[in-house]
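The chain that follows stands alone, in the form predicted alone, written as structure tokens.
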């Protein structure tokens, strides 16, 4: 998973746990892709301060994931739903018993994941 995708998922799941100041700076840096200088000037802090805050937010968000595993579970469930779609693509109206077994097995995996 690339860094941007990972950062956005972590922020989507845990961003509300950051302070409003942290959210504002993190969004400007990661989501809006503003430079450290642009953010620092708008926030009235140093570029180093912006950099440190973004890194601290990254560590905080990753810490939440290490404890709660919500992103990991989301990605696992998403992959299983994708597998269901692949099984349904092989649908044969003459023999749907195998299809039903495969879907039930994937559904069981999803339930176990949650």
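Since this is a predicted model, take the numbers as computed values, not measurements. Positions refer to the first chain, counted from 1. Here the rigid core means the biggest group of C-alpha atoms that line up within 1.5 Å when the two forms are laid on top of each other.
Unshown form predicted together with another copy of the chain; subsequent notes refer to it.
Engineer: Answer yes if any heavy atom of residue 55 is within 4.5 Å of a heavy atom of another copy of the chain in the predicted complex; otherwise answer no.
Structural biologist: No, residue 55 sits far enough from another copy of the chain in the predicted complex that none of its heavy atoms falls within 4.5 Å.
Engineer: Are any of the heavy atoms in residue 67 no more than 4.5 Å from a heavy atom of another copy of the chain in the predicted complex?
Structural biologist: Result yes; residue 67 sits at the interface with another copy of the chain in the predicted complex.
Engineer: How about residue 88: is it within 4.5 Å of another copy of the chain in the predicted complex, going by heavy atoms?
Structural biologist: Flag for residue 88 set to yes.
Engineer: Within a 4.5 Å heavy atom cut-off, is residue 94 in contact with another copy of the chain in the predicted complex?
Structural biologist: It does not: once another copy of the chain is placed as it appears in the predicted complex, residue 94 has no heavy atom within 4.5 Å of it.
Engineer: Is another copy of the chain in the predicted complex close enough to 30, 39 and 43 that every residue in that trio has a heavy atom within 4.5 angstroms of it?
Structural biologist: The answer is no: none of the three residues contacts the partner (heavy atom, 4.5 Å cut-off).
Engineer: So which residues in 8 to 44, when you check another copy of the chain in the predicted complex, have a heavy atom no farther than 4.5 Å from it?
Structural biologist: 13, 14, 16, 17, in sequence order.
Engineer: So, superposing on the core, is the move of residue 17 at the CA at least 2 angstroms between this form and the one not shown?
Structural biologist: For residue 17, whose C-alpha is compared between this form and the one not shown after core superposition, the shift is less than 2 Å.
Engineer: Knowing the Cα distance between residue 85 and residue 108 changes 3 Å or more in the predicted complex, does it shrink or grow relative to here?
Structural biologist: Relative to the displayed form, residue 85 and residue 108 draw closer in the predicted complex - a change of at least 3 Å between their C-alphas.
Engineer: Pin down for me whether the residue 12-residue 108 Cα distance shrinks or grows in the predicted complex relative to this form (closer or farther, change of 3 Å or more).
Structural biologist: It is closer: the C-alpha separation of residue 12 and residue 108 falls by at least 3 Å in the predicted complex.
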